[in-house]
Ligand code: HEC
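Next up: a single chain in structure tokens, the form predicted alone.
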């Protein structure tokens, strides 16, 4: 009986030790707060402040530096003003821009209008860009934010800043009901809208920055996949770094879209 109590006491001691270490010894993961749309007082801004706002968005909410960096995932933008003039004359250019400002705006919302050689989607012969429309999906820049980023890129590349600070939108009529956007109908539509294929290989998309999801359901549960979408910093896949995936999908996706995407990925085996 004495041995029993000794064994029981030792077991409780070990369990308590593991509990204490897991709760207090291991650093807790605290994901960064999601980027939010700036509350802009555009009427009181100087151009220098507007350009600084563009830099903040470029390096933050816009997630631009995820690819446009020295690692060579996407073209560097330090000479985008000078390059724009040449690219609009290129026979491969499919856009409609006439000015540097229009070209930069087009490259943000219609990135496939011109794809720099070597940076297109695999198999597209540089006719399709892996970059998503930054005005939608998981980034969702509004027109004022887009204008600020354009001003920042013009300024940082040594070009003349031609952007004008936008006027504030008029307030909606009192009592006007917001228009509810209908939920998407297929997981493929969800993947395209939220730019999943920019980083992941999934549903005919060939992103290579994040984990390959073509058979993710073989090793990951629905709970894991749901958490990975809602709180991407909670568990970082082996071989990858944190801070790459936007943490805002939980706010942007409708519940139906989220569950449809989770069920789709769980079935990829």
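What you are looking at is a predicted structure, and each value in this text was computed from that prediction instead of being measured. Whichever C-alpha set is largest while still superposing within 1.5 Å between the two forms counts as the rigid core. Numbering follows the first chain given and starts at 1.
Unshown form predicted in complex with the named molecule; subsequent notes refer to it.
- Residue 260 falls outside the set of residues with a heavy atom inside 4.5 Å of the named molecule in the predicted bound form.
- In the predicted bound form, the named molecule stays beyond 4.5 Å of every heavy atom belonging to residue 183.
- Contact annotation: residue 151 falls outside 4.5 Å of the named molecule in the predicted bound form, judged by heavy atom distances.
- Mapping the unseen interface onto this chain, residue 220 counts among the residues with a heavy atom inside 4.5 Å of the named molecule in the predicted bound form.
- When you look in the predicted bound form, the only residue of 74, 165, 97, 161 with a non-hydrogen atom within 4.5 Å of the named molecule is 74.
- Contacts with the named molecule in the predicted bound form, taken as any heavy atom within 4.5 Å, map within 106 to 126 to 107, 108, 111, 114, 115, 116, 119.
- Residue displacement note: residue 222 has its CA displaced by at least 2 Å between this form and the one not shown (rigid core superposed).
- For residue 52, the Cα coordinates differ by under 2 angstroms between this form and the one not shown after the core has been superposed.
- The Cα position of residue 62 differs by less than 2 Å between this form and the one not shown after fitting on the rigid core.
- If you compare C-alpha positions, residue 73 and residue 228 are 3 angstroms or more closer together in the predicted bound form than in the form on display.
- The distance between the CA atoms of residue 126 and residue 241 is at least 3 Å shorter in the predicted bound form than in the form shown here.
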